[in-house]
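In the block that follows, a single chain appears as structure tokens, in the form predicted on its own.
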Amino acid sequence: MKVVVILFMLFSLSFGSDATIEVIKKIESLPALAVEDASISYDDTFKMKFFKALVSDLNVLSLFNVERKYNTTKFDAGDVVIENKNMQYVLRYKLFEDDNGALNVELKLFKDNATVLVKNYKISANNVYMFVSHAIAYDINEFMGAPSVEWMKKKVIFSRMVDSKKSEIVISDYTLEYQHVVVKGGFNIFPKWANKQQDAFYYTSLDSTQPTLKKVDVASAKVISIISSDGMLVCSDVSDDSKKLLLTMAPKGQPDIYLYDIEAKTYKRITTYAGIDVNGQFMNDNKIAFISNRLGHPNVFSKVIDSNTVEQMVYYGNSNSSCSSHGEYLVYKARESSNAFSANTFNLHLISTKTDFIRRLTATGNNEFPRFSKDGDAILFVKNYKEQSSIGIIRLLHNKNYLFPLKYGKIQAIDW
């Protein structure tokens, strides 16, 4: 057993910093955690919804072997419930409604039956309870000293097809439990957050004679038009300082990548290939990644802005039609089957610009629209499988995937 542990440590020390290397963490090695409900307000239906949301978030942390059995107790009880006496960690919470109708949560975390963490939370309405659950999971992750899961508290934005040439743009949490339709009544697609604060977003409107990029202020719901173009117009990425956009436009029939300056309201063409260049993504060192059919089929390429040199990034997979970048890493979609009579399989793969390793991240269905979290800890994506659209979360360092199904409609594009 000692030899196995030493070998695992050597493997982790040698390759743990490279996300393209799979590190398998066996569930037996994770500490056990149970959850106890000590709520004094709300009906059983709401209490169970909160419990399930919290258990789900704790499971996504990938730090614990989470017990799913529902137990109740008194918040000030001296000991954990008897069923949890052998658990290394126990999380106890109390939901209660104050005189203003706000949802309050008191929380204690026990380790080996001793209190090690106390927290309080308050939110104005109980219909956004899932964000309290996400905040609790985030704080426990911080307490455990694990890499940040800031993405857990972020909002997701997606376009949902509801009919032929009819779509809705929806803001949600990453589990899809909270959903708020912010744009409806037309054909509006490809939403993209305008900044890290997530207080505005861009989307493409196809309701006029020309595709038009619009920007929406979330708080005021004010909509302004940014730019229009013949052919097609999509905002595929926003710079870290929110001052520049990568647009795919086709004013002369062939789509190319353009760099748009928000303050100057000007744009310049970045790619000049006579075929198809789409889906530009900002990388480090003034470089972009993008999808092109320069090889006769879609593949991932890169180039330095203001340079004519183009570099092929991917040498594995067919029809590599979407990608996302974070630092030295690229995640891309590749077709892995060619069946004329049934649905094909499209999987996501991770590569590093510094190594030759390729890591496959998914196994079944049509997996697309990968998006790195801002910290690179996780990848958000869309899975379409057996007529069902789901949002997927890939925890790279933990080698785990989680799926959250959409109740109706089909996801057209997504961002977080």
Partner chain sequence: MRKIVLSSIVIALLVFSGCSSKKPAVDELSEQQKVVKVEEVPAVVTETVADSSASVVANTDSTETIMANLEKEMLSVYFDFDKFDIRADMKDKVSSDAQLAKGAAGNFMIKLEGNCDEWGSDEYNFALGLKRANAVKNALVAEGVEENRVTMVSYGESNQVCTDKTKECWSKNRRVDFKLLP
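Residue numbers count along the first chain shown, from 1. None of the values given here were measured: they were computed from a predicted structure. Heads up, when I say rigid core I mean the largest set of C-alphas that superpose within 1.5 Å between the two forms.
Separately, the form predicted in complex with its partner chain exists; it is not shown, and the next lines address it.
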In the predicted bound form, which of 81 to 89, 154 to 162, 302 to 310, 108 to 116 comes within 4.5 Å of its partner chain (heavy atoms)? 154 to 162
Is its partner chain in the predicted bound form close enough to 181, 188 and 223 that every residue in that trio has a heavy atom within 4.5 angstroms of it? yes
Is it the case that residue 321, even though its partner is missing from this view, gets within 4.5 Å of its partner chain in the predicted bound form, heavy atoms only? yes
Hey, in the predicted bound form, is residue 346 touching its partner chain, heavy atoms inside 4.5 Å? yes
Could you tell me if residue 176 has a non-hydrogen atom within 4.5 Å of its partner chain in the predicted bound form? no
Answer yes if any heavy atom of residue 131 is within 4.5 Å of a heavy atom of its partner chain in the predicted bound form; otherwise answer no. yes
Pick from 62, 56, 352, 366: which residue has any heavy atom within 4.5 angstroms of its partner chain in the predicted bound form? 366
From 74, 122, 243, 269: within 4.5 Å of its partner chain in the predicted bound form by heavy atoms is 122
When its partner chain is considered in the predicted bound form, the residues of 232 to 264 having a heavy atom within 4.5 Å of it are 232, 234, 236, 248, 250, 252, 253, 254, 255
C-alpha of residue 389 off by 2 Å or more between the shown form and the other one on rigid core: yes
